[in-house]
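In the structure tokens that follow, a single protein chain appears in two forms: structure 1, then structure 2.
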Structure 1
């Protein structure tokens, strides 16, 4: 995703702050639709459809992310057809519960798409810079960047631990309860030692509580058009 976000492209070249503001505004309007307003929610699909096609953004990686979010949404939404059986019009087999369930699923789908589009077109450094411009405290932004940078290191370490354990305990599903403490505990202690080394190296490089960010992308006329469209179109769909 990071590599995708650093490619040259129409959306990628926009100022990260404008992309963040448009995404948040889109989400606010999307979630404000009434649960029976299926047509309105469907129209909100214009934003992800246009961005996916214009930006040549791959769809496949998003489907994997969908399952995490769609399972709880389905679990809650599936109750609606059972508890709301009033037909949408006299004699119609379609009930209010069915409509609200589909609306809920579409909201989930579009909300994940919007966040995915933000991430796939904006590198994490740029996004954190935008957060700082919105006055998000430096300590929080620094911790976010550190987690992001060390995540891959730790995931690789966990994968090695799991492989080593699987080779010593073939056929066993999960970690035996007697090994819960030593296995995760050793990784924890190594992590804490590593954090001290990180602190020493950051101090030597002049760390004073915040990572310095490089030069920012200028807020261009294209950004202005993007923000104005990003605010106007959802408002028109919602209220006209």
Structure 2
């Protein structure tokens, strides 16, 4: 995703601050729709569809990368038809629970899509720089960047522990629940040792609490037009 975000493209070349502002505003407006306002939520799908098209971003990889989030999202409103059985209109087979279930499903799908589009078109360094321009505390932005950078290191450590367990317990499928506690403690201790080594390396290289996040890009007229459209269109859909 980081490599894709650095590719040349119409959406990728926009200022990270403009993309962050539009995404946050879009999410706020999207979540403000009433649970029965299915038509309005459907119209809000124009934004992700348009960006997927303009950015030439393939849709299929999103399902694989975001499936751990999309599955719970799809289950959020699944119980609504059982609790809200009043028909939306006299004689209609559709109930309020059915409409609210579809509305919640689309809200979750569009919200995940908008967040994914921001991640796949904006490098993390540039995104962190945009957060700092919005006066987000430096310590919070630094923590976000370090989690992003060292998540792969953490997963590699998990893989080593799992491999070591498999070698000591051949033929066993998975990790026995009695070993979850000791292995979690071992992972915590290793993570603390690794984080201390990383911090010492950063301090020796002049780290004083904040990174020089990304490269500063000028805010052009195209970015201004993008922000104005990204604010005006959701407002028109929401209130007109």
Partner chain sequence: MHMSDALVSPVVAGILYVCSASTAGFSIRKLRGGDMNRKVPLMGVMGAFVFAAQMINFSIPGTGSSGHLCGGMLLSALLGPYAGFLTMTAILLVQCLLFADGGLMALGCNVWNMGFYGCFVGGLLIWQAFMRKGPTRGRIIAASVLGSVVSLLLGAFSVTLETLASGVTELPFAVFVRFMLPIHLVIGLVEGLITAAVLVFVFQARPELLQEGSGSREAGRQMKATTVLGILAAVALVTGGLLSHLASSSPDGLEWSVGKVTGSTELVRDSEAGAWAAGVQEQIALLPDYAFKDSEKGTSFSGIAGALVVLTICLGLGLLLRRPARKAEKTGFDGAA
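Please read these numbers as outputs of a predicted model, since none were measured by experiment. If you superpose the two forms and keep the largest set of C-alpha atoms that fall within 1.5 Å, you have the rigid core. Positions refer to the first chain, counted from 1.
Only structure 2 comes from the form predicted on its own. Superposed on the core, the two forms differ at residue 183: its CA moves 2 Å or more between the two structures. If you fit the rigid core between the two structures, you'll see the Cα of residue 173 move by 2 angstroms or more.
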